[in-house]
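One chain is shown next in structure tokens, namely the form predicted alone.
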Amino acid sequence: MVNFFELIEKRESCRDYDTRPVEKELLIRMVEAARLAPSACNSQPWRFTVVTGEKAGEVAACTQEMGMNKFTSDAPAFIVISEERARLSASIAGKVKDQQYAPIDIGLATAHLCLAATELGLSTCILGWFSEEKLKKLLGKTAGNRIRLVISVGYAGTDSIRPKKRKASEEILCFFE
């Protein structure tokens, strides 16, 4: 059985990919994990566009403007996550509570997707820097509404895991009793 906390420790943003292709079945399992993520009012305001093969290089180019994300050239696959219209109940609840639930839902789905990848022996990097206009032109209608994230996916070029640099628990945790 998977130890969830070990899985969390293993997951990191990969910037060194082996160029071998990722099996379609594994990409489907990752998206299935994302599909099962919690969602406000079960709205599921997401769409996942999986890109492999020759088109993966074109997606990589869309993430490299201004010299950013050069490592994506070696990523053999990408999952483009788009925000879709939320269900009416989630939209109304969001307006009443002055809260946008769709970005939270997408974050939860992204976490599920990336943790599933780690469990399957794959590596990911969550990219927020990309040309949405170019991606939409490349992917057409499959891109959905607003593109929110691009996830690079592949096998890591190395097995070593960098130590995580995070704030100390004392800086982020407080108890009220």
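We number the residues from 1 along the sequence you see. Values in this document were obtained by computation on a predicted structure and should not be read as measured data.
This next part talks about the form predicted together with a small molecule, which is not shown.
Task: Of L149, A109, A56, L27, the one that lies within 4.5 Å of the small molecule in the predicted complex (heavy atoms) - done: Answer to the contact question: L149.
- [ ] Kindly confirm or deny that R11, R15 and I126 each have some heavy atom within 4.5 angstroms of the small molecule in the predicted complex.
- [x] Spot residues vs the small molecule: full contact, yes.
- [ ] Decide whether N69 counts as a contact residue for the small molecule in the predicted complex under a heavy atom distance cut-off of 4.5 Å.
- [x] The answer is yes: N69 has a heavy atom within 4.5 Å of the small molecule.
Open item on the list: Even though the partner isn't displayed, in the predicted complex is K164 close enough to the small molecule, meaning a heavy atom within 4.5 Å?
Closed with: Yes, K164 lies within 4.5 Å of the small molecule in the predicted complex.
Task: Options 47 to 55, 33 to 41, 115 to 123, 128 to 136; stretch whose heavy atom lies within 4.5 Å of the small molecule in the predicted complex - done: The contacting stretch here is 128 to 136.
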